[in-house]
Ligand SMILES: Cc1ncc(COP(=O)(O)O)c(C=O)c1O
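Shown next as structure tokens: one chain only, the form predicted alone.
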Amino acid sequence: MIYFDNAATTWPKPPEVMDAMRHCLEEAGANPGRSGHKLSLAAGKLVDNTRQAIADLCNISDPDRVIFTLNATDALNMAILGIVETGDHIITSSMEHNSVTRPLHCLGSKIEVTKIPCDRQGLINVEDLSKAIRHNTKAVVITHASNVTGTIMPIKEIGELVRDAGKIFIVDAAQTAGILDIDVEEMKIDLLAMPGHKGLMGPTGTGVLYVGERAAFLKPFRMGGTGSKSAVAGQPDVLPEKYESGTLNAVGIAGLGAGVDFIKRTGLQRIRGHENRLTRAFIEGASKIHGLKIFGPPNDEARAPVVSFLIEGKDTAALGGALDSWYDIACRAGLHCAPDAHKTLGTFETKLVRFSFSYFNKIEEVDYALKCLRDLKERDIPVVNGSGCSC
């Protein structure tokens, strides 16, 4: 199989990820932070090592501000629902994933939300964002890169603007953690949500929320056992326990740590360079296929390794299904859990096919996919309800 669905989850994982998870189960399978015996201490050390590795990757000075979550969606819910109060104003963009838009929508009339319209390439205008800031604006919530177009937002510029305005800056790094350089200090990020299972090369069921000092008022999303300060009636205020109630996914976190170590050893620049070459090759080749339309920035430097497209006259769901069943190419066709983004692009009705590349893809796979798309353009593709489409 050729796997071009890395924006959903990376596959394959580095071999050391599986090795680390196996080691955790066999050699450190106890509950981390709950007991004083050797197995529990070994599990706790694995968790602490991963916490430190992520802190190093994102220039987080205090690793205890790295909070482990279920995934980026969980982290974004913790961030958004943990800061808002009745009467607050939140600013976001028209390119956000449902992990941002749904929590905001479900808050209903409790808060006000301003969605800054992005252009047809999916890029936000920082001046428009600046004009939207009010006295009661609590936070700005922005994706680092769109999961539909790959468009990279000017996070550093936005962060400086938000910091100068005295507001909280929440960044969704679902498509950029482990792919682009993220520096929470330089970018003035207060709350950073990251999935463990995408660019960080870890297993599913892992994620991270960085809680900066300016977001220290963040309310806990869950409460319960923390392994420390058990005599305290309420949730302890010490980090990271304040936001990590219940048993952590030590096995997954061990795998995540190995994924982060792989990224640090390989180098972000090398990873980004390879993925850029794949993205560039696909865009250049696809631009020569008559009737194939690519959405988002025209060059690889302005986007994460994500490319969405359609072929005129072809049903998107059928196209995704044909790529899978006829050519053994895994991709994603649909709305990509980002209906606002598709409305921005004008593709809400047609939907799009998305290819997303990783460090483990090869240029030969891109060449083969282009050949298949040229072939599909000339073939009749039967439309089967639900075929190939995961909206």
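The numbering used is simple: start at 1 and walk along the sequence shown. Because the structure is a prediction, the values reported are computed rather than measured.
Below: the form predicted together with the named molecule, not depicted.
Chemist: State the residue from Thr151, Thr279, Thr92, Ser99 whose non-hydrogen atoms include one within 4.5 Å of the named molecule in the predicted complex.
Modeler: By the 4.5 Å criterion, the partner-contacting residue is Ser99.
Chemist: Name the residue from Asn249, Ser245, Thr114, Asn71 that puts a heavy atom within 4.5 Å of the named molecule in the predicted complex.
Modeler: So the residue touching the named molecule in the predicted complex, by this definition, is Asn71.
Chemist: So in the predicted complex, does any heavy atom of Arg303 sit within 4.5 Å of the named molecule?
Modeler: Arg303: no contact with the named molecule in the predicted complex.
Chemist: Hey, in the predicted complex, does Leu76 get a heavy atom within 4.5 angstroms of the named molecule?
Modeler: Contact check for Leu76: yes, within 4.5 Å of the named molecule in the predicted complex.
Chemist: Is there a heavy atom of Val141 lying 4.5 Å or less from a heavy atom of the named molecule in the predicted complex?
Modeler: No, Val141 sits far enough from the named molecule in the predicted complex that none of its heavy atoms falls within 4.5 Å.
Chemist: Does any heavy atom of Ser308 come within 4.5 Å of a heavy atom of the named molecule in the predicted complex?
Modeler: Answer no; every heavy atom of Ser308 is more than 4.5 Å from the named molecule in the predicted complex.
Chemist: In the predicted complex, which of the stretches 265 to 273, 79 to 87, 143 to 151, 220 to 228 has residues with heavy atoms within 4.5 Å of the named molecule?
Modeler: Only one stretch qualifies here: 143 to 151.
Chemist: Determine the residues of 198 to 212 with a heavy atom within 4.5 Å of the named molecule in the predicted complex and present them in sequence order; the list may be empty.
Modeler: Only a single residue, Lys198, comes within 4.5 Å of the partner.
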